[in-house]
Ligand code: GLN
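Below you will find one chain, with nothing else, as structure tokens; this is the form predicted on its own, and questions on how it binds or moves follow later.
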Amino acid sequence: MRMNISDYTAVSLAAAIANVEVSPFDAMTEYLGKIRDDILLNNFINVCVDQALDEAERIGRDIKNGKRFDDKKLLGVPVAVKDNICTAGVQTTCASRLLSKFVPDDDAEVISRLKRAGAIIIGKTNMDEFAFGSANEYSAFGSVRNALDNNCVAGGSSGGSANSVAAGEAPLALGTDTGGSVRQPAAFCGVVGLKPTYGAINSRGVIGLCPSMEQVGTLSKTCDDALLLFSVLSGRDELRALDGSVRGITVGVAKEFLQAEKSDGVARAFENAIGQLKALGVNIVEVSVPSFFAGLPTYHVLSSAEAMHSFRKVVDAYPDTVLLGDEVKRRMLTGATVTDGENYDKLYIKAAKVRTVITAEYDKALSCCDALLSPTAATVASPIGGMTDPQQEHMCDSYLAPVSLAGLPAVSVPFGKENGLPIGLQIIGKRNAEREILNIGKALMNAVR
């Protein structure tokens, strides 16, 4: 009898493998079969078929021989990895033709931690080229198609990672989040996307272009899975299990979040979430972050400038820039413009000062509550080709970028649908409050089951 992999979370699969209830080889075979069947979704740039099956077989053999794996929290669990995270001996392209032949010698730190925890890398996922984009349409390997509606985008830039979890091709995935690149595709695909506190996870071996903002994040079916994966990546073993109990906590809702543009379905879901939290015994308070509307332009100025500076190292090693896509070139041109001559003071320095204000205002808002609640994106996933409209991109990233500028943890959880597509809600926490925001996320997800 074939196992139904969709019945397992990462937590339950690791336990079933450890208890010899599920063969890691059979589980891996099922996941690889799902990837093969869903190839038109275009979630993967490189599927590690032979390596994954060999590792699964080895784990199964060791278990049968009585080997103990008490310290392996992710024993035999497949993990999909965004293709800007280095994997030793496995092509890492950043979804760019420029790096089509790049095979790292060493694993990124997060990959080393996954392997030490018993996880198996199932493949490298599609993304916007060099993580520049919000729809996973700027990839040299083609667009990712949303598993819930193949005519729609999966979000970006970690679209392949989010969509692989949504499609049941892997129970866990890694992405990177600079201005919302984990949280936004999580919202579009109906999964849980965690952006940890800036610096909580070691970024060695990540091909990142915005070092003051970029953070490895997690994608999963549940908040419990997100906590498990975060504990492995961060080394924070003291994180206790989620219980979904939120009675007595205080959640802030910024008046700017209420005023900002959003679709009717997202607005209703936001209002419903506030009502659900009140029903669960949460105190809802109104707060204010006046700089909210300056967040996205500030992010674009600073991220483009940082990316241009960082990208010089890539171009020095791989000078054939004719292979770069148009969106990468546009971002580089923007970075050059905002740091050139008088623009350096008028744009870059001004944006850096605004970032300080944004950080202070979010910290002030969180000083009177345990977390903040907002939509993740102002709309649900758009049809493929629709995210090339700058206004559409603005609506999708406006709630996300300020959180990255402030270096705060945030999680997107699915909460309701509009036109059959999932809506995401974002819970923003104080620094190092990953468990607390995941617990609120669990409570919200439980409320709509």
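All figures in this text were calculated on a predicted structure; none of them were measured in a lab. Note that residue numbering follows the sequence shown and begins at 1.
Note that the form predicted together with the ligand isn't included here; everything after this is about it.
**Student:** Of these, N146, T376, S139, T178, which has a heavy atom no more than 4.5 Å from the ligand in the predicted complex?
**Tutor:** By the 4.5 Å criterion, the partner-contacting residue is T178.
**Student:** Quick check on this chain: which one of V165, A131, V77, L229 has a heavy atom within 4.5 Å of the ligand in the predicted complex?
**Tutor:** Spelling it out, the residue with a heavy atom inside the cut-off is A131.
**Student:** Even though the partner isn't displayed, in the predicted complex is R331 close enough to the ligand, meaning a heavy atom within 4.5 Å?
**Tutor:** Yes.
**Student:** Do E55 and the ligand share at least one heavy atom pair within 4.5 Å in the predicted complex?
**Tutor:** No, no contact at 4.5 Å.
**Student:** Can S157 be called a contact residue for the ligand in the predicted complex at 4.5 Å between heavy atoms?
**Tutor:** It does: once the ligand is placed as it appears in the predicted complex, S157 has a heavy atom within 4.5 Å of it.
**Student:** Using a 4.5 Å heavy atom cut-off, which stretch among 131 to 139, 238 to 246, 270 to 278, 99 to 107 contacts the ligand in the predicted complex?
**Tutor:** One stretch meets the cut-off, namely 131 to 139.
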